[in-house]
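One chain is shown next in structure tokens, namely the form predicted alone.
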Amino acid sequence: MQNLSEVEHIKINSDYLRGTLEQSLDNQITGALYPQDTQLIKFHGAYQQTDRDIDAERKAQKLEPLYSLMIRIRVPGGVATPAQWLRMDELADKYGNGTIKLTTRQAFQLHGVRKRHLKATIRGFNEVFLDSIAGCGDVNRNVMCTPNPEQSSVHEAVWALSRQLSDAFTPKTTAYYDIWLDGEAVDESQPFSRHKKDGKDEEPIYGKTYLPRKFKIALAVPPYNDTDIFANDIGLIAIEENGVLKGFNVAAGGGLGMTFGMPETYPRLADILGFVPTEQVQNVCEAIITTQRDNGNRENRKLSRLKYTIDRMGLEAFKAEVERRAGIRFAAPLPYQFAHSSDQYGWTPTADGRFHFTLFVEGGRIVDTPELPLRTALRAVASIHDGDFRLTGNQNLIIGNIAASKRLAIEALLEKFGILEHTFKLTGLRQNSLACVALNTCSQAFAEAERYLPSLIDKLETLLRGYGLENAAINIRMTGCPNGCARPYLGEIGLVGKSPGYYNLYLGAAHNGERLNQLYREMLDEAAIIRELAPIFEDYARNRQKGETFGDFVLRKGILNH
């Protein structure tokens, strides 16, 4: 019998995620939630945060920290409507900090929402059929899917499966419905509408204590691994045959978080268990989830992800247990090939005569700046667009399914606001960059990431242009801590914050997301990062083989052994 962690006890006593959330919201004395409710609010899609830039000043003035909530809004498969985009834009101004964050899991985030506005904000996006339940917490989170339908004739079927899995593994508790919507869902199609047995809540998959830790599912359509499926608890690789979706290779056990000073924690890529036909995928995913539910570590949350469960059980024993629960046998994996994990920018046509435009969003932050009024531009596009908006796993945005009759008008808006010029003048390094939020709001951050990476790239671009590498698609990823939210351990250049201004440098990941990088140097400041990378860039420019990616070059040349 495990000694349960404090969070496990909070879940047990929560009455299916209710806790004392309503009392916390009603308490006007403080901007904070009750301590136990800061855990439960995650299941409803929010994290309590403070502005760390001014914490010391407020403490000196004998004021409590400036508390706010970050809300993560699920977008299963990454596809949102223009009406949903406009509502997020509206809420960002009305209740947030005036920006929208696109996450590395194809979700929206609103930052800076005060406790007194939380209920109105959640109601606001629910009215346009978005929700935040399971945006965070010990449950399956937003299901990712390759966002580009023109890439394959089977994409629509793959995206439909991502929605099916999202619906199947959304928590069934009515707490979200009761607390945030006063029991009045927009309609019964919403995942939190009433689901009770004999008048009581139940969770047929999760049980009363849900999962030991967060859980992530992603789908990809080769040759594009733009959802980094091997970084997920479950990764589903679509297998296409003669234009027909045959099924999926199923991978399990990915997860990139680690803790400094704890070698028993580590990033891990998922292992492929085998192939299953499409009609068996949901059943197999449920078997993996329940195996983790019943065998995961509920004592130490640092060791509670599925990757540790698999390593403790052994891969073959885990696979056998999944097969037993699902009542299936995995077939041998079918051949596939991933080319890269990047987004393809600019215009692409679809088979039905429509168009997509993929644009770069630095750090995933939709905001107006003097140089680029991005948020204003997208608001103008959304007001005339009758297609969709597709959030990518690389924090970028696709204006999708543009009707031929609307293309010129949308292109004119993109040109008017400088989006076209901006998209096509970027270096390969910047186009392939990812950064987590980090400081000033993330409580886990040791260093900057989103606010700092652009200026570091400015300096690295000077080097790259000097070596003729400005168009080289080198992916660089930065996080403010080792938890891995921007998937730094899959970066050909990975930078993980260790203290303010200092980062660990990782090199050598595969550009297609199939190989982790390795620690190269520790505790580097900006000057040291540039000093370490300069000779490697020069060597790459002079000695790379045709088509050789930066990560493969680093590995071939033995640079990691230096």
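Numbering starts at 1 and follows the sequence shown. What you see is a predicted model, and the numbers here were worked out from it, not measured in a lab.
Separately, the form predicted in complex with siroheme (SRM) exists; it is not shown, and the next lines address it.
Contact annotation: siroheme (SRM) lies within 4.5 Å of heavy atoms from the stretch 43-51 in the predicted bound form, the single such stretch among 43-51, 502-510, 28-36, 528-536. Taking the partner from elsewhere, residue 213 is found to have a heavy atom lying within 4.5 Å of siroheme (SRM) in the predicted bound form. In the predicted bound form, residue 111 approaches siroheme (SRM) with a heavy atom inside 4.5 Å. When contacts are judged by a 4.5 Å heavy atom cut-off, residue 101 counts as touching siroheme (SRM) in the predicted bound form. Contact between residue 436 and siroheme (SRM) in the predicted bound form is found at the 4.5 Å heavy atom cutoff. This chain is displayed alone, yet in the predicted bound form one of 290, 278, 444, 344 has a heavy atom within 4.5 Å of siroheme (SRM); that residue is 444. When you look in the predicted bound form, the only residue of 385, 305, 356, 87 with a non-hydrogen atom within 4.5 Å of siroheme (SRM) is 305. Taking siroheme (SRM) as positioned in the predicted bound form, the residues of 462-492 that bring a heavy atom within 4.5 Å of it are, in sequence order, 483, 484, 485, 487.
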